[in-house]
Structures are given as structure tokens and as C-alpha cells.
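Here's a solo chain for you in C-alpha cells, the form predicted on its own.
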Amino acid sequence: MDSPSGEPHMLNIVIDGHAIQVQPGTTIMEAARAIRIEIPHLCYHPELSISGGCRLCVVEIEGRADPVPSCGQACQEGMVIRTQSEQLTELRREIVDLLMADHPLDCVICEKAGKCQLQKYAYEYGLAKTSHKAHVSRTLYQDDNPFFIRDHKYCILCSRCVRACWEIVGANAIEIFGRGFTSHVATPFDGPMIDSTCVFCGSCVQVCPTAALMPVSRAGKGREWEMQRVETICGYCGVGCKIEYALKDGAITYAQGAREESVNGDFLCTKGRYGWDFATSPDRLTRPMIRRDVAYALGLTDEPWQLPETSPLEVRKPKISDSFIETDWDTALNLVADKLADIVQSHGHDAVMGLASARCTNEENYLFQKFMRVGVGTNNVDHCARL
């Protein structure tokens, strides 16, 4: 029901002594996260549908006999909620204890150590080992593609990967197959990932809370706390997805979506997540290059040079240093500005055209067309992705 002003009627609730107002339809989990109260969870993800499978996020509601999962319980007017109590601690501790009974406890060599959520909660509840009979029921190891490894012994069947594949990507490449201890995440007939509808975006890897899904590039590159984290904007298109790169000794080990203040949340396309190897390619140009005959005319080199009959641009994998020399940015930019001015003065504004790139951000492409139209004075502007 809306208020007389037309605004939605707000619900008054209390969480751990904090009185707050929330929109109708807000879950207890969402309300708690909004005021920075962390409720333990494994299957919950803010951008995926509600599963309620792990039961780790149970809370107590005043007037109700049994705890309820906070991820799927909508707030109601006057609710008084407790997210921490002795009863809840024991319930959560037992859930983690049961998960550890079907999970390898090799954290000392696990690649996900330091970022594994099961490890985090085992530490918080003081569980060095399970009190139940330990038996790892899922042992399948699948290294069938160049992007990520599927190690089923670490899977806790939270279904995050399945929901991300269905709801975010729409690829429907995986599903939970089987019942009981035979349950596991599978492609159709447990075939290779390449034979499924997987588009290798790696969204499943990003949302996995354990080491069941790990990037191939990550293997053997160090522990999580040894990684330097650098956030930047993806350069593959104008959407402007925010990326976090994990670096070890200055080299990228893997990339992932950066949720905070981003247009993409945790999710990236295949190019954004895996197409970063060009950054360390030995063929990558890191400084401006000037053709040798132009450099000689400018006095930047003492070696005369003439353009060969076969253009360097037509040579497959040419040796750049044969035809170009490195220079600094000021020299390169001044040269381009002088050449553009000479062409405009000699042949008119429309003798120049500009080709923009989809690899630039929308803001950069806006500035480029503005420069061409206002600075150069021509509407001869095109874009490689205009179709």
C-alpha cells in the first residue's frame, strides 16, 4: 500500500537492536546487509535467485518458535530479529561441521585458502576437523578446457554456479544431477565443457564460494593473501565493466568482476575475464613509434632510411624496430598535431577522417568525435562497431 504522498509504505523492523525502515518485499538478509550486519551464508548471492539450501543464514524472529532462513524471509511490519544467539551459533556450527564431513581439509595447499567461505566459517566456529565420519563423496576432477578447472571434491552443492549460468548468462550449460551423495554439478551426460552450451564467461567461477571452480591461470601462482589487487575498467568495449586483477610479482594471475560501484557486479564476458594476456605479451607496444624516415627528417636519428617497396604494414609479423624507432609521448603528439594542421591548411578540413574504436570507453569515443567535429572541423567520423 502506498502512503498519501504516493511513496511506498515503509515497514518498521528491528534487527539486533537497530530500528530501521525497509521497502515491502525486502528480505531479512537484504535488510541486514543494508546496515552492514553480516549474516553467515554460503548459497546466498545478492545477484542470484534465492536457494535457501545451506540454511546457514537462519535467524530468530520474536514470536516464532523456530529459526528461519533470512535469505528467503520477507520483512513484515514490527518484526524483531536476532541474527546472533547461542542457539543460532550451535545450528550454524553443526551445518559447517556436516559440510566439512564431505569436504577435503587440505587448506594448507588449497588454492582458495584465504578466500574460501567454508574455511572462513570453520575458523569462526572453531572447527579444525569434523566431528562426523569423514567421507568425500564427489571425486570427479575435470580439466577439460583452457579457462577453469572443475574439482568436485570441493563442491558443497550451493548451486550458485548453476543459478549464475541460468539466470545471468542464460547458457544453461550445467545443472545439479543425481540425489544424495551422488549429487554433483554436471554438464549433459557429464561430457566435456566444450561440448555443452557453455560460453566460458567464468561467471560460475566468480560466484563459487570454495575451490570447486578455479581459473587455470591461477594454479600454482601463490596464496590469495600474496596477491596484489588492482581495479580498472575493461578496455574491450564501451560498457565500462569494472575489473579487479590479481597480480603476483607484477604479473596478472586472474581477473574477476568488481561488485562495488560497478555496472557489471560480479560478472564479466569471456574477453573481460580471460582476455588479458596481451598485457604481458612481448609484442606489445609500450611507447609511441615513429617511422624511421620521418624520425630522420626530424633529427631523431642519424641513420637515413627509405620506405621499402613492400610496406611494413603488409608484412606478416614484421620486426617493428626495422621500420620504426621509439620516442616519447610529447614528440609523438606534437608530430601528429603538426601533420594534421598541415593537411587541413593544404587540403581543407574534409581531407581528414577519424576512425574510433569499440575498445575505448564511451567517454573516450565522445571526446574523439568532439575533437574531430570541433577541433579538426569535419564530420568524417566512423566507428569500427557502428553496425
Partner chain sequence: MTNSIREIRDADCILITGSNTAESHPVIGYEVVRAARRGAHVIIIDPRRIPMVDHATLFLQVKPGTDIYVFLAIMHAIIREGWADEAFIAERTEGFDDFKAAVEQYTPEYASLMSGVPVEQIEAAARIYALGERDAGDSSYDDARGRSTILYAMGITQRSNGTDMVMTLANLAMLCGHIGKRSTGVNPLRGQSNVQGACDVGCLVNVFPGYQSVTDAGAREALAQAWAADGLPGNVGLTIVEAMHAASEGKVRAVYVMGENPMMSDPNTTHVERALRGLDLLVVQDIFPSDTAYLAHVILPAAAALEKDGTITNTERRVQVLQPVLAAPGTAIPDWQIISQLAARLDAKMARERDADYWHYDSASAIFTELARVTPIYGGMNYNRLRGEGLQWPCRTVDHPGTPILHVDKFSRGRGKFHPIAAHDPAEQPDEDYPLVLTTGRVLYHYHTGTMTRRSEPLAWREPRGYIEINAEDAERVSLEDGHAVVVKSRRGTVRTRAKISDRVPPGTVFLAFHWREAAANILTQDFALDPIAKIPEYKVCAVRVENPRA
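What we label the rigid core is the largest C-alpha set whose atoms superpose within 1.5 Å from one form to the other. Keep in mind the model is a prediction, meaning the values are calculated, not measured. Positions refer to the first chain, counted from 1.
Although it is not shown, the form predicted together with its partner chain is what the next lines describe.
key: Stretch from 87-95, 181-189, 128-136, 247-255 whose residues place a heavy atom within 4.5 Å of its partner chain in the model of the complex   = That would be stretch 247-255.
ask   = Which listed residue (157, 214, 168, 100) meets the criterion of a heavy atom within 4.5 Å of its partner chain in the model of the complex?
value = When its partner chain is considered in the model of the complex, the option within 4.5 Å is 168.
query = Pick from 62, 38, 66, 330: which has a non-hydrogen atom within 4.5 Å of its partner chain in the model of the complex?
reply = Only one listed residue qualifies here, and that residue is 330.
key: 4.5 Å heavy atom contact with its partner chain in the model of the complex for all of 16, 55 and 106   = Judged in the model of the complex, none of 16, 55 and 106 sits within 4.5 Å of its partner chain.
ask   = Is residue 198 one of the residues lying within 4.5 Å of its partner chain in the model of the complex, judged by heavy atom distances?
value = Residue 198: yes, in contact with its partner chain in the model of the complex.
task = Verify the contact flag for residue 26: yes if a non-hydrogen atom of it lies within 4.5 Å of a non-hydrogen atom of its partner chain in the model of the complex, no if not.
result = Contact with its partner chain, no.
query = Does the 4.5 Å heavy atom contact test between residue 9 and its partner chain in the model of the complex come out positive?
reply = Close contact is absent here: in the model of the complex, residue 9 is far from its partner chain, nothing within 4.5 Å, heavy atoms only.
query = Hey, in the model of the complex, is residue 50 touching its partner chain, heavy atoms inside 4.5 Å?
reply = No, residue 50 sits far enough from its partner chain in the model of the complex that none of its heavy atoms falls within 4.5 Å.
query = What residues of 253-277, in sequence order, lie within 4.5 Å of its partner chain in the model of the complex by heavy atom?
reply = Contacts from 253-277: 259, 260, 261, 262, 263, 264, 265, 267, 268, 269, 270, 271, 274, 275, 276, 277.
query = Is residue 18 among the residues whose Cα moves by 2 Å or more between this form and the one not shown after superposition of the rigid core?
reply = It does not reach a 2 Å shift.
key: residue 140: Cα shift of 2 Å or greater between this form and the one not shown (core-aligned)   = No.
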